Every structure is written in C-alpha cells, then in structure tokens.
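Single chain ahead, written as structure tokens, the form predicted alone.
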C-alpha cells in the first residue's frame, strides 16, 4: 500500500514537473506556427497576431479556452474523415495538453532564441508567389446598409492561345463584408450572362444567370475556377494538374457582399498561375446541389440531398460543403458501381463562418458508375442561435437568411479526355405540412 502511494505521488510529481516545464519557444510556438499563425498574423483573418511570444502571452487564457473546447483552430470534419485530409489542422490530445499546460503554469517564454518565422505571403501579398496574371474587381462600392444583390464582372482575357492554369489565389481586400466571391471561366461562345457588359459591375437577374442553350454542354457554358468563402486558404492542384483557359475566354467574377454599417470600396484581386507545360490531368469542379428543398418553420433536422453520378472514371482531389446560417451538418458519401458504400467526408458541426475546402492526401479513384451523394441537415429551430427567423419557411436563395445545399467537388481526369464526366440530380422534398421521412 505504501509502495503504491509512493508510485502515485512520484507519477504526479513527474507529470507536474513536466507540465511546469512547458514553454512558448520550445513547445507552444511550433504548434501555433503549424496550425494558427497562418491566419493569426498581420493582414490575415485572425483577430490578433500570434507570431511572437509578446503577441501570444496576453492571450494565454483565451488560447487555453479555445483549444480546450476545440473551437480553435477551426476544424469541423470528424476524426474518421480527417485522416485522409491533407490540410487537416485539428490538434492532437498531446498538443491540447501542451497548450493548456502552458497557460496553467504561467505561460512562460522559455529560452530566448531565434524561432522559425510563420508562413507569410511571399510576393506583394501573394502566398503562392507572384502571379502570371492578376484580374481585379475594380473598386466595388459596398453600401453601409441594405441588401446587396449578386453582382457580376466580366473581364476578357486576351490570350493568344489556350493556356493551362496550375493554381489560382484570391487576395481579398474587404473580407469583413464579403459573403463569397467566385471566379468562373466563360469559354468563347458561352450563353452564360451573355448580355452583361464587359468590365462593368452588373446585377444579372436570376433568369439571365440560369439561361442556357438547349444543346450547350456545361463545360462550354462556364467552369468554376476558384471560389472564396470565410476560411479560404490557397492551395494549388498539384504537379501535372491544371484547369483549361481557352483562347477567347472571359473571367467572370460572381460577387456577393454583406453590409456592416460602413460604406466601403472593395479592391480584391485574383492571381492566376499558368503551367509551364501542358498538364497530364485536367481539373474540373463538379457541383451537385439541391435547389428544391422546403424547410418547414421550426424544423431542427431537415434533410436535403443531391447527387453526382460519374459517367467516366475520375479522381477526387477536394471537397467543400456549402450551406448558410441554418446549416447543421454535411456528409459526402460514395456508392460504387459494385455496390460498395463509403463516407468520404463527415462534417458534424458545419460552421458558415469558416467554410473549409478539404484536400485529399491521396486522390481517390472513382470508377465510372460511382455516385457521390451530398447529404445536408438544416436547423431551422429556435435552438439554433444563428437562425435568422425560425418561424419562416426556408427555400433556396442567394442571401444568408435563405439557404443553399451545394457540394463543391474537384476531380481530375486525363487532360485530353471528354470533360463531360458527370450527371447531376437533386431530390424533391415534400411541402410543409406533408408527411416527412427526411430525417
């Protein structure tokens, strides 16, 4: 008995001494650099910089609270999904213990020595280096109040030949007022918002946005190049991969701002990096979406689905869920032609304020006949603190108080192959008051 007590006391002493030895320089800063300081530095989205001891020390208690409750760093995929994600940033249990112990034992600096600088923008504010081409928003005026409709800017790209884009990066100016910004490639001859003037901010009607010729292939109409939402981080598509920018194409900005009480002017930019040689694989964005949902008032667990069935073999390289303020959870499942079923991504706590694009460590082969299903649940109940109005029936719409269910998927296939690789569909839902089995 006495021996056991001595062992326990010795163990507690060793653990306490170990915790007391945690310092910023040796133990905490490497964790911050790998997971936090990319956003928590001057000019980035984080509300305070955490790149030095002097910056981090006043926030020790807040850091402890954030990591202990898993609210920071923001990561919303479950553990079973995260192991396949290249940009996963969830802290391990050991890292959480290190951070909390540092705060609990006086937040010591430790030996003063030169530490490795955090990742910062490389050239003139660009993380991926100086772009080959910069396309600008050209001073969009954001009003102090009111509703800002989707606005478009069509910018011709005067190429002498077809070019391949190996990466693209946003440099956002007024991110505090930006709901999202998408850049589309509009090939020559496309019907997509065909009446929009060039180089001018233009509010297109929903009919204009949806118009298309009956025989027009999707890749001849428009192609998503890259999107920005809160939580965006620039990542290239990888060696030997690229998106096609044909001669005579336009870049179309789709811009959506929110007002915040002050008049602002946004001068955001898109940087484009051209491949030096033709890639082996073409990258294409596939966007299954459900636009027919009807969420009843007070429904805390409404289910919405959409599917993409691949008619050609592809490789999946990234996934991004998109919903608005009532978004609750989001899952992407694969059903293969041989009947196998697999969950590729599970986000049990969706957060509209931080929308991650999940890049796979290894591309996932999807044989022809594979169906990817995006399954979203919405919380339109009073229990959702972000809910704009639980008494409203909610349908698809542009604004944050309306809703969307979109799964942004990036796939690759041989560069010379047919680009029409998938068929998209959604699932109609019963009207409010009808019997439901969507939970």
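Positions refer to the first chain, counted from 1. Everything numeric here is computed off the predicted structure, so don't read it as measured data.
Form predicted in complex with ligand HEC: not shown, discussed below.
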| query | finding |
| --- | --- |
| Heavy atom within 4.5 Å of ligand HEC in the predicted bound form - residue from 409, 394, 372, 50 | 50 |
| Candidate from 353, 141, 361, 280 lying within 4.5 Å of ligand HEC in the predicted bound form - any heavy atom | 353 |
| Heavy atom of residue 62 within 4.5 Å of ligand HEC in the predicted bound form | yes |
| 4.5 angstroms heavy atom contact with ligand HEC in the predicted bound form for residue 377 | no |
| Close approach of residue 72 to ligand HEC in the predicted bound form, 4.5 Å, heavy atom | yes |
| Contact of residue 46 with ligand HEC in the predicted bound form (heavy atom, 4.5 Å) | yes |
| Site check 129, 133 and 272: each within 4.5 Å of ligand HEC in the predicted bound form by heavy atom | no |
| Interface segment, criterion being heavy atoms within 4.5 Å of ligand HEC in the predicted bound form, picked from 202-210, 180-188, 321-329, 73-81 | 73-81 |
| Residues within 4.5 Å of ligand HEC in the predicted bound form, restricted to 82-101 and counted by heavy atom | 89, 91, 99 |
